[in-house]
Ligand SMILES: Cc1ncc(COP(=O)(O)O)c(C=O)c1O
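Here you get one chain, nothing else, as structure tokens; it is the form predicted alone.
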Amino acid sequence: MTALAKIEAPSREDRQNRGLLTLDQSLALDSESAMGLYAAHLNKYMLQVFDILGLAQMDIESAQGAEITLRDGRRILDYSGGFGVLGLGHNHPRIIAAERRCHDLKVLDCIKIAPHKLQGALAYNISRFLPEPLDVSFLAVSGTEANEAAMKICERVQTPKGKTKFLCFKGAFHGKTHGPLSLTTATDVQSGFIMGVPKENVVFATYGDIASVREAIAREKADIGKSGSGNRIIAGIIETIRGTSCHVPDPGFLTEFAQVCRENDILTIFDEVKVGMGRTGKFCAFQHEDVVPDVVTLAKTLGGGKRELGAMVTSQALFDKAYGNKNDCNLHSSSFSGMGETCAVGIETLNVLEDERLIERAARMGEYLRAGLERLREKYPRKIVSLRGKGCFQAIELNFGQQLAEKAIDIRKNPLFVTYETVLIGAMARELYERHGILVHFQPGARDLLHFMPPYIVSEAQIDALVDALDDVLGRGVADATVRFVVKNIKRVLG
């Protein structure tokens, strides 16, 4: 298959003959050939990003639990966690067994003109983990689609009152489809797109600052003028823990936020896409407080690490206001919502969380991880500014002295690395992978944070391995990691 490494544009005759790859051929592709296909037919620029981080040639053979096995036998500890997808880890045996059972039974996957019993069963299971009155679900295939559904149900209820705006927080991330994209400012992902919700229909507040929320609502009331009453805000949407900055709000903030919204006839949407499903030691992060939103959104771990699955969950009363008749009940739908085997995996995922007490385990492992990171902060007080997050979603904020990077390379004429912080955080991530076989990640909107998202089944020994690796890399120094990083990417840096 190595001949596939050099990709040439197929001729008209080749396209007619097709010459499709079989599944066996596809699984057997060597790394060079596979990356050639990726560059030619997917996204060659994203491949360059992976290459910079030393990950483009990661020739993966299999994955299990918290580990990825490469074809050369090397085992990699995965602390990137699929950005939240892998709460149960890779290929949890009960999830694989659930899929096999569906195959053996030839379970119906798709039917659109009749109900599917597994959809109702999954929605019931979801409701068992949530407080009343959150009993009614819309099944989606991603977090952004769940947030789309949340925005739309709130619009249906509130726009007849003349409400046209959403309240959100500066630096939020809610997704990249047109609706949630309008409320996403954590990174520069809006540039060049027409917003689904126009900018003038978005009201911003400061995350974690209830006074800022009150001021934003007060400004909106003032804009209506003396002739009007109330405000034009449909709903307030909030990440219960920030997915990009790993910022945990002070205890009580979510409760205050919901209260202020209800006092002003503003619906509340709690975005639990990244941190829900047990990651913080509760099924949803908002359950660390005595508060219930009007709508909650879930995804990522809900699919058991094997399926694309999300959910928007609300009350029967709110659903009825939006879609409560035979004419309107299907105003919002999705072709792949509630596929049979996907629902089966979701059902089993929730049972695994319950039977194996993984939510409680996420809390324990999170405490163990935090203790290890605390020891590192005490050892490197000038390098680690703060610790963030909760449970199995944590991060360290690093103090990068820009002068260290400036001594190693001048990036002013090279757009590849964007900022010195990008070089430095990229260097740290690559060092952890190449020296210690540990995958971590960082976000474009927070280039001074290293994120750790282990699966809930992670062991204390595996957490020790991460802490020891961080100790080694920090002990060697950021300058050492930066020089090695730049040397490996010198051609790109020098243009």
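Residue indices: 1-based, along the sequence shown. Predicted, not measured: the structure shown is a model, and the values here were computed from it.
The same protein also exists as the form predicted in complex with the named molecule; that form is not shown, yet it is the one meant from here on.
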Against the named molecule in the model of the complex, would residue 300 count as a contact residue? Criterion: heavy atoms within 4.5 Å. yes
Using 4.5 Å between non-hydrogen atoms, is residue 79 touching the named molecule in the model of the complex? no
Is the gap between residue 294 and the named molecule in the model of the complex 4.5 Å or less for some heavy atom pair? no
Looking at the partner-bound form in the model of the complex, is residue 143 within 4.5 Å of the named molecule by any heavy atom? yes
Here the chain is shown alone; which of 175, 338, 278, 346 has a heavy atom within 4.5 Å of the named molecule in the model of the complex? 175
If the cut-off is 4.5 angstroms on heavy atoms, which of these, 342, 147, 137, 268, is the one near the named molecule in the model of the complex? 147
In contact with the named molecule in the model of the complex (heavy atoms, 4.5 Å), from 123-131, 202-210, 249-257, 270-278, is stretch 270-278
